[in-house]
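Below sits a lone chain in structure tokens, taken as the form predicted alone.
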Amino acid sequence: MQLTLGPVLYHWPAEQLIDFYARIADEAPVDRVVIGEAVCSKRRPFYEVHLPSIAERLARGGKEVVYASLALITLRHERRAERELARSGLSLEINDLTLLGLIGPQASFSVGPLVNTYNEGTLAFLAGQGAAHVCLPPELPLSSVEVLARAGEQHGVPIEVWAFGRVPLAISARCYHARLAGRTKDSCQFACADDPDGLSVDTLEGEPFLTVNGVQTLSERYTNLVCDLPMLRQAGVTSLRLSPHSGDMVAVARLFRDVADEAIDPDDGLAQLWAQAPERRFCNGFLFGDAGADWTH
């Protein structure tokens, strides 16, 4: 079973990103790494110049490097930038289907979890367009995952499942971080940079509920499917996605690698993951067709 490290969804300083990916390249047992900006185009200028050297370092470390597209393209300069990315010849992960009209007809690409690949018809269409790898939306239950994994096998498309990290739930043209700071989106002053794992949002009763990440809404809890890997393998899933957060992502990747390789018991993997960050609350409800925030272990 492969491991994919998804793109950093948060606004981290360029120096932090460079150090993060250098360690991933040298130490993390992941097969694929998705880099670039999927959430907000305003963040790109801070680190875009470093992406080629980051990609080179990852490739030297034996990782397949994939570039992420934006999940929501709204502005003219975003369309221009995404068109350049689509035609660059780089390995691309599509998070907005408008890019299908921009890439060449013979191009091979991946499909990210922000595209609603909910059924066999959609998967067959994407495979027919050239999709070589599909990460399913994190809200799908195991029954749907199993059907899509079988369909992926028929089309020669590996199927990936969101296995660790806060769940991306929605994306908007409006910036919640800017609004909370009393600013407009155009003059946000990058308020999202103050929250390297997003800003937690509580209910009126003071219960943790959601997480704000600029224009994006995520879950407050962290998906953690480390105990569910045996059933995912049996369902035909061939790849797991780990979403970067602050903390030791190399250690997270090693634990998932060890459990996937059956080097350690899933319960031991869970105990070690919890020990790394006891403040994190885990969830896996979507996989069982329950409320996403539910936790079965």
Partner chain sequence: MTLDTLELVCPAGTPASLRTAVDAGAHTVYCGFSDETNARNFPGLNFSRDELAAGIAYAHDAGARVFVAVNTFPKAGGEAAWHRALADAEGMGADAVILADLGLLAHAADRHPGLRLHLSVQAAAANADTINFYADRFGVKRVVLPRVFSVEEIAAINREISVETEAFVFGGLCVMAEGRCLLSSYATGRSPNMNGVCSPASHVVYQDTGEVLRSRLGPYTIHVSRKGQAAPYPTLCKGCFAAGGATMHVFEDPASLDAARLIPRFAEAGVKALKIEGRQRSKAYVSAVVRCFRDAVDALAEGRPIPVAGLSRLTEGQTSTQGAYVKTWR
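Here the structure is a predicted model, which is why all the values come from computation and not from measurement. Numbering follows the first chain given and starts at 1.
The following text describes the form predicted in complex with its partner chain, which does not appear among the structures shown.
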Does its partner chain get within 4.5 angstroms of any non-hydrogen atom of R76 in the predicted complex? yes
- request: Using a 4.5 Å heavy atom cut-off, state whether G156 contacts its partner chain in the predicted complex.
  value: no
Exercise. State yes or no: in the predicted complex, is some non-hydrogen atom of R221 no more than 4.5 angstroms from a non-hydrogen atom of its partner chain?
Key: yes
Given that the partner is absent here, does C283 sit within 4.5 Å of its partner chain in the predicted complex, heavy atoms only? yes
Suppose contact means a heavy atom within 4.5 Å; in the predicted complex, does that hold for all of I35, Y47 and T238 with its partner chain?
no
Partner-free chain; cross-checking its partner chain in the predicted complex, the single residue of V226, A71, A131, L92 with a heavy atom within 4.5 Å is A71
Contacts from 184-219 to its partner chain in the predicted complex (any heavy atom within 4.5 Å), listed N to C, are T184, K185, D186, L199, S200, V201, D202, T203, L204, E205, E207, F209, L210, V212, T217, S219
